[in-house]
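Presented below, as structure tokens, is a lone chain in the form predicted on its own.
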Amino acid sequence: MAQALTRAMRDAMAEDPTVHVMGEDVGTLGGVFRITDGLAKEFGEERCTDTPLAEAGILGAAVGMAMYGLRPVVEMQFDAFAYPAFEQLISHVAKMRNRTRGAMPLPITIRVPYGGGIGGVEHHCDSSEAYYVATPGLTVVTPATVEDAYGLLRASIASDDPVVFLEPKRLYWSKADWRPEAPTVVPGIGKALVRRAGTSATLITYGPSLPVCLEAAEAAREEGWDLEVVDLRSLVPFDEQTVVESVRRTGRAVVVHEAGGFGGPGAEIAARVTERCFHHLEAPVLRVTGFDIPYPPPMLEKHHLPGVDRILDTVARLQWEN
């Protein structure tokens, strides 16, 4: 996935001279996860720029660049490092088009490595998607596959509106039969995909939890459950149609994500599914989430993150007849 992300930025920069990459250590070092590796060498430091350790300043500069016709791609290094930039994000990035009655779009892509599973602590492993989802004016996407890493990042950079691009850190090293010279064309922003068809219940998930849900769906066969898995890909806009059609087929749903449960994206998704599918549901919509605590130390994160056993235990609560 890391190579696909790098390739996406490289191709975008090659095609469009207005695309600029900026962030802490993105230049000579190539980023802490090496996602921007080689971009400064190929395009120069003026288009792949190391910045001071000042997230509010990075995003504030990106706002000005976008207002003057550039397409900045900002790296926030780690999820919780982005919090100092929230004032810029909420007050300016998210509101500029509305504030100017559509006259001033801000084509900014904000790359945020997020989520756990790498043995990090606190500011290095937050699942911060709820903050972005709750801010009107932002598009929020997160890839779970190598193909989507390339396709969704290209779509994000091409968007005329600000996009928060959440990159699951633990999936940086995931692999696929993917050819950078002929990348797979994927559905764009706003489209969810059924990654695994099933009939017993629907697992609704995204980003780092997708591989876990697919593993749980295979393990569920031994219990006699045939689970469908829906990958949201885009949290805002939310593909309600795909989700509703799936749940109406299966009659049962579980939302799975790493972010905390209280006020997390799963709460909104469960509410929407209940409103749209009430007469089709055989059981209440349930959630499997991270616990409502600050991110735990590495030795405890396997208990904090949704795993196969917790998902199957929750599926077992879906009021089965037998």
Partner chain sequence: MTVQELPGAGASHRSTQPPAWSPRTDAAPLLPDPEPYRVLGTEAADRLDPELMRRYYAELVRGRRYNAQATALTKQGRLAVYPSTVGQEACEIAAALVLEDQDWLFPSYRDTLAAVARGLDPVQALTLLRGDWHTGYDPREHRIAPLSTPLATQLPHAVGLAHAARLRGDDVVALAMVGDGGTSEGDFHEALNFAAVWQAPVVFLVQNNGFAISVPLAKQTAAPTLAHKAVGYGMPGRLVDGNDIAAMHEVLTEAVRRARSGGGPTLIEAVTYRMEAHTNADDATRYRGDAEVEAWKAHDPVDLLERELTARGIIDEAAIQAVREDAEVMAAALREGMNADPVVDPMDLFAHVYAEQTDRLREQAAMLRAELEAEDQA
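Small disclaimer: the values here were computed from a predicted structure and weren't measured. Residue numbers count along the first chain shown, from 1.
There is another form of this protein, the form predicted together with the partner chain, and it is not shown here; the text below is about that form.
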is_contact(Met22, the partner chain) in the predicted bound form, heavy atom dist at most 4.5 Å: yes
Contact flag, Val74 vs the partner chain in the predicted bound form, heavy atom cut 4.5 Å: no
Heavy atom of Val185 within 4.5 Å of the partner chain in the predicted bound form: no
The partner chain contact at Val121 in the predicted bound form, heavy atom, 4.5 Å: no
Partner-proximal stretch of 143-151, 222-230, 86-94, 171-179 relative to the partner chain in the predicted bound form, 4.5 angstroms, heavy atom: 86-94
Of Ala40, Leu281, Ala270, Met65, the one that lies within 4.5 Å of the partner chain in the predicted bound form (heavy atoms): Met65
One residue of Val194, Val236, Val244, Ala158 in contact with the partner chain, assessed in the predicted bound form (non-hydrogen atom, 4.5 angstroms): Val236
Heavy atom distance at most 4.5 Å to the partner chain in the predicted bound form, all of Gly57, Gly60 and Met104: yes
Any residue of 133-157 that, in the predicted bound form, places a heavy atom within 4.5 Å of the partner chain: Thr135, Pro136, Gly137, Leu138, Thr139
